[in-house]
Each structure stands twice: as C-alpha cells, then as structure tokens.
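In structure tokens, the next block holds one chain alone, the form predicted alone.
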C-alpha cells in the first residue's frame, strides 16, 4: 500500500513519473479529455484541521475527475478532546478508501498510517507540504521543459514546511537548491541532513545562506512564502522584524538570470515577503503554480490507485 507523508517516501523515478504524468493531465485538461475513472465507487476522506483554498479545491476536483467522491471532515470539530486520532483512524478505515489530511503535527499522520489500512496522504503539516512541492516543480518543468533538472532554485524566506519539501524534491531529482534565510529560521537540521544525503545520490548542489542578493545570482527560479504561517500568529511582530531585508524585490530578481521566474505558494502578503511589482509582474508564475496543484494531485492519485 502506498502513502505520501513526505517527499522522501518516494524514489527519484517515482517523482519524475508523477511529474510527467501531471504534464499529461495538464494537456488533457486543455483538450477537454476526460480521464479514466480509476476512483469510480471510491470515497476519499479530506480531514482538515487548518483552513484551505488551493489544497482543498485542487484535491476535491482531482478526485471528482476520476469518478470518486471526496468527503470533507472538519478536524477541528471531531479531533482533540472529542475523539482521539486513533479512534478516528479505526472508524474511517472501514468507511473510506483513503484519507487526505491537513494537520498541525506530523505525528498525527504517522498515527493515522499506523492505524489505517488505506492510503494516507499529507495535505500539509507543520513539517512538510509535499503536494505543494510537486506543483512548484511542475511549474518549473512547464517553463523549462528541455532541462528543468539543470536549473538553480533559490528559496528566500522561512525554513518552513514549504521550503523543506521543495528542498527534498530538488535534492532527490538533482535540481540545485539554495536556502536563503535568517540564521535562526533555517530548515531544521534533522531534515537538512537528509536533504544533503539525497543530494549526494543525485548530484544536486544544495547550499544555504543568509544574503538574498548574493543567493539570487544566477538563479533560474526564486521562491518565497509567507513569513508568518498558520499557527504562528503570536510570533508575527518578531518575525516581521527578523525577516527585514528578505523581501523579494525587483532588485533581487535582477540578480537572477534574465529568464528567471518567481513562485509563491499563496496566500501572499504584498510588501512583506514579496513586492507587488514582482508577484504581479511578468516573471511571476504564481497562478500557473496554483493551477498545477490540480494536475499534480491527479498524478499523485493515479500513482496511489492506478499503478
């Protein structure tokens, strides 16, 4: 049985297969080609402890396109003091054919996997965001179809779940990656060590730094995310202070290669992690990236249920 709790659950060949399948699904959507109904008669639970726009809509649409039914469960109402994750898992495993969970702690996903005999998919947790990483790489593949694995990706901002999963996928498939953040906001060492180990196998050049202008030099892709993620609102003032100088500006984009693109997983806060003239400018691919959430969700579902 296949699960997807982290990018590191997948091999290089599996990741590339999913990406190319996502491209097939993207082109089929443009041609209004209907997909094989691989989820006909299947129900997928969507367990959400956190609010969502792109994750919820893209996954529910993907399930529907394959003939399946997505059932939204508000984890804020059923978990916690009302019912244990173990009990929820045992109940759902006899009712649905998979669970797509957006949670706070990664340990919740691990407990679900332990107590369920159905696929468990990570819709986001505090440590990882694998579905987002796939959408970012597919956007790069669309932009640079001939040599996307030879590009340099630079993430400027917080060493959060988004940057961790992006670093993981780059390291595994051989894309050079630089993490540029304040020293106290690095990708956690336990994950960084694994990322470096994967890069040794693929040949990816993985580095980290703390100077955005320097990091952006010769970059093909500049990526950022909000400085204040969900659940960190009480740290907002300190984070805004600590991330001064890490805004992605036109000056930083000019340090990158001329055909460089800008990515952001959204929601974005213009004037903080990115200036409006960058995210709304000609180098931005943030909405194409958002649309890729649909195609990569389909490809992951195809990998889980049809391979």
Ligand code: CP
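Residue numbers count along the first chain shown, from 1. If you're wondering where the values come from, they're calculated on a predicted model, not measured in any experiment.
The same protein also has a form predicted in complex with the ligand, omitted here; what follows describes it.
Segments offered: 63-71, 47-55, 30-38, 247-255. Contacting the ligand in the predicted bound form at heavy atom distances within 4.5 Å is 47-55. Taking the partner from the other structure, the ligand in the predicted bound form has a heavy atom within 4.5 Å of a heavy atom of residue 102. Proximity of residue 132 to the ligand in the predicted bound form falls within the 4.5 Å heavy atom cutoff. Taking non-hydrogen atoms only, residue 274 never approaches the ligand to within 4.5 angstroms in the predicted bound form. Taking the partner from elsewhere, residue 91 is found to have every heavy atom lying beyond 4.5 Å of the ligand in the predicted bound form. Along 277-307, a single residue, 293, places a heavy atom within 4.5 Å of the ligand in the predicted bound form.
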